[in-house]
Ligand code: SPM
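Presented as structure tokens, the chain that follows is alone, the form predicted on its own.
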């Protein structure tokens, strides 16, 4: 059972059997139950403040930037004109921060179902939640399924920043959700959706690849290192309605000066390319040449 014992929080979950990440805790800043989930904010000894949802680490201040910079800039820079962006989830604000930073983006709508998470992050993770105050941002507290069903054909890019595939988030890893995202895109639109861990969930990723290829002409997977996530790796499913899209060769790149101006710490042109390099065992499975 997840909890704090002898000054350590341990993340125990059946999705990563036989292993867990532990964080040394200085203080419990918040622990409340919303209508949707258990919400905990911890002040850790070495990783800054950390958001925990239903006993699972969502972000720590020490390494959140890698996930958010790859999850935003890879899809945005693959689209020739990503003016209008929708974020589903992402209640910590980190994805909104990065999307709003991208100079090609003109407006951002975010649907987050749990207002407690947003308010907690505004208070305890202000470096992430800064995106909520950006003039480009329109934050909606509500259900992303319902919103997309009412806003078809509106967005250039949709980014899903979700928790792991159990409980309410399980449906975000299934074909009907991807179909719904596709219908909310403008012609040539792109999606990026949290795509789990190659080391732990390769069967799930393979199955997602299969149904995504039934919906979109272009499908790919990008990977990023996040030390406090299970096995230290997570990825994003990338899909495009434009058959000419090549996610591996961005249509827009940042100079070194632009990277410094934007405040990026992980993403650059080389890292964009490197994020698509997969270990051989995973490449074979995702290319359909092997079974896990």
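A quick note: this is a predicted structure, and the numbers were derived from the prediction, not measured. Numbering follows the first chain given and starts at 1.
A second form of this protein, the form predicted together with spermine, is not displayed here; the remarks below concern that form.
Placing spermine onto this chain after superposition of the site C-alphas, with its pose taken in the predicted complex, gives no ligand atom within 2.4 angstroms of any backbone or C-beta atom; the site is classed as open.
At the 4.5 Å threshold, heavy atoms of residue 105 stay clear of spermine in the predicted complex, well away from it. When contacts are judged by a 4.5 Å heavy atom cut-off, residue 156 does not count as touching spermine in the predicted complex.
Spermine in the predicted complex is approached by residue 162, whose closest heavy atom lies within 4.5 angstroms of it.
Although the partner is absent here, residue 240 sits far enough away that none of its heavy atoms falls within 4.5 Å of spermine in the predicted complex. By the 4.5 Å heavy atom rule, the three marked residues 194, 229 and 234 all count as contacting spermine in the predicted complex. Note on the partner interface in the predicted complex: the residue among 49, 245, 37, 58 having a heavy atom within 4.5 angstroms of spermine is 58.
Listed stretches are 251 to 259, 63 to 71, 37 to 45, 24 to 32; the contact stretch with spermine in the predicted complex is 63 to 71, by a heavy atom cutoff of 4.5 Å.
Residues 200, 201 of 200 to 225 are found to place at least one heavy atom within 4.5 Å of spermine in the predicted complex.
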